[in-house]
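Presented as structure tokens, the chain that follows is alone, the form predicted on its own.
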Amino acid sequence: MTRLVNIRPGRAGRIIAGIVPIAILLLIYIIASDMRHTANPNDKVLPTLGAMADAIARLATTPDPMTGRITLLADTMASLYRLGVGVAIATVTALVLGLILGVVPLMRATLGPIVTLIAVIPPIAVLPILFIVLGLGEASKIALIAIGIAPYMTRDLAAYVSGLPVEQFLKAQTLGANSWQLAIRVALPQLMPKLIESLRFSMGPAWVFLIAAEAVASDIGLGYRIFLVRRYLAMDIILPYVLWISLLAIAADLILHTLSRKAFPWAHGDAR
């Protein structure tokens, strides 16, 4: 008797299994939207697919009369710039600190409590402080993303390095390796796949911090646009923007996953 836990769908099966729930959700939305518009043709809560397509096409092709910019493109570029810089700062910081804390027990005992303290502080609560200290410009938004995900990534990477087999470090020391060589030649190569994995898991919170920062103080960006048009119940713009953010997040995750598999194939076994 074939047990459910032993059924492994092939590539086509996985694609179909993934599409079916999305198709069902879309069908439910279409039915609900049609019912609401039958009762009230001016309903704004659940716009039709046609209304959303018209709204997003207008934002993607028509220049804004005030700025002369294509709204969707300008919002996307602004948000991706903030997200990219913030994530890059957090990744470099986490890699360096995670490596040091994982390899050197003395540094782990010294800096570990500070990293833990920062990690438990809700980043959104720090946002007013960042606005006061760094102003309302790009720096405060980028800092929120970096501060929001760097401590989590640092703790994750430090725990991974400290959990590496101690025999590896002992053998390297018997061959004459110093502390620097232990970190660079032994720990770092094994840490790189874990860094990409930690970054993939941190992208969700990074998007949350980006949208929160743009919603409070910004004049351009995906989060800014969503919170701007909500005043007019413009769900025909909000829903496509949310879908666009989701597609960007999925694309980033696929790129990181592919990069990890190509660069470090030894770190990817036959996952269930």
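The first residue of the shown sequence is 1; numbering continues from there. None of these values were measured; they are calculated from a predicted model. Whichever C-alpha set is largest while still superposing within 1.5 Å between the two forms counts as the rigid core.
Keep in mind the form predicted in complex with another copy of the chain is missing from the figure; the text below concerns it.
Peer 1: Since only the chain is shown here, I'm wondering whether L199 would be in contact with another copy of the chain in the predicted bound form (any heavy atom pair within 4.5 Å).
Peer 2: L199 lies outside the contact set for another copy of the chain.
Peer 1: Does I28 reach another copy of the chain in the predicted bound form, with heavy atoms at most 4.5 Å apart?
Peer 2: It does not: once another copy of the chain is placed as it appears in the predicted bound form, I28 has no heavy atom within 4.5 Å of it.
Peer 1: Are any of the heavy atoms in I121 no more than 4.5 Å from a heavy atom of another copy of the chain in the predicted bound form?
Peer 2: Although another copy of the chain is absent here, I121 would touch it in the predicted bound form, with heavy atoms inside 4.5 Å.
Peer 1: With heavy atoms only and a cut-off of 4.5 Å, decide whether V103 touches another copy of the chain in the predicted bound form.
Peer 2: Output for V103 is yes: heavy atoms within 4.5 Å of another copy of the chain.
Peer 1: Could you list which residues of 93 to 129 come within 4.5 Å of another copy of the chain in the predicted bound form, counting heavy atoms only?
Peer 2: Sequence-ordered list: V103, V104, P105, L106, A109, T110, L111, P113, I114, L117, V120, I121, P122, P123, I124, A125, V126, P128, I129.
Peer 1: For A251, decide whether the Cα shift between this form and the one not shown is 2 Å or greater, given a superposition on the rigid core.
Peer 2: No: A251 shifts by under 2 Å between this form and the one not shown.
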